[in-house]
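As a starting point, one isolated chain is supplied in structure tokens, in the form predicted on its own.
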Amino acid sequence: MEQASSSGRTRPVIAIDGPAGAGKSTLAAHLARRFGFLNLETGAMYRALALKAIESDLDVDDAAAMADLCRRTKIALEPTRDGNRVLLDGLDVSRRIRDADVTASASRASVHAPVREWMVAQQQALGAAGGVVMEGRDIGTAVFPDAEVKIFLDAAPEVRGNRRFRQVASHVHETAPVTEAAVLDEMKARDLRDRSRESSPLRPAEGAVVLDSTAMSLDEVLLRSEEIVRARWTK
């Protein structure tokens, strides 16, 4: 019989926060498979909204325009064996949202308080019943501050930049090459926006285990994270 938490859930919410390139998506996918939970990648929701802004020729730096766009947008995540299928107003945009222009726009759009408030409400509805792994930048602080398991995954900027460069390079078109230096510069700018924004700034949640993966192998990160989950949640 599973243990009920103080939230009333009989299955936990595992919240994974951290900066870009820390490895949150890889870790979330692993823990979801390992413990039989759903993997809900909340960053994909910000990317989908940013994509709609791009396609609507809207300025992602315009808070009022982005708030209005939220009210006219429907984003759905459909977990599959190979990762989330992301639907934007019913259309599958899973691959397009990984492109560099969408990534950069999503970071800028995410600083607006009305956008974050709308996203938080959507994400809380998705994970209300528990049994989910949610990764992002404010899961443990704003979306589920009562999460049973909280992990803040971090790494040195240079390490994260290299990881993100390899990820971005595998998705961009040949006509739009990227350099590792450019990816690192964008990541540092994103770190500054995430940590200094007025609404839900990036920081470890109260009670979170901070896991610095700079000098750790992927296997070490996965094993340590499994230990954290087991220590904080027992069946």
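If you're wondering where the values come from, they're calculated on a predicted model, not measured in any experiment. Heads up: residue numbers just count along the shown sequence, starting at 1.
Another form exists, predicted together with a small molecule; not displayed. Remarks below refer to it.
Note on the partner interface in the predicted bound form: the residue among 203, 197, 30, 188 having a heavy atom within 4.5 angstroms of the small molecule is 197.
Of the stretches 131-139, 69-77, 87-95, 153-161, only 131-139 has residues with a heavy atom within 4.5 Å of the small molecule in the predicted bound form. Within this chain, residue 106 lines the site of the small molecule in the predicted bound form, having a heavy atom no more than 4.5 Å away. The closest heavy atom approach of residue 46 to the small molecule in the predicted bound form falls within 4.5 Å. Under a 4.5 angstroms non-hydrogen atom cutoff, the small molecule in the predicted bound form lacks residue 39 among its neighbouring residues.
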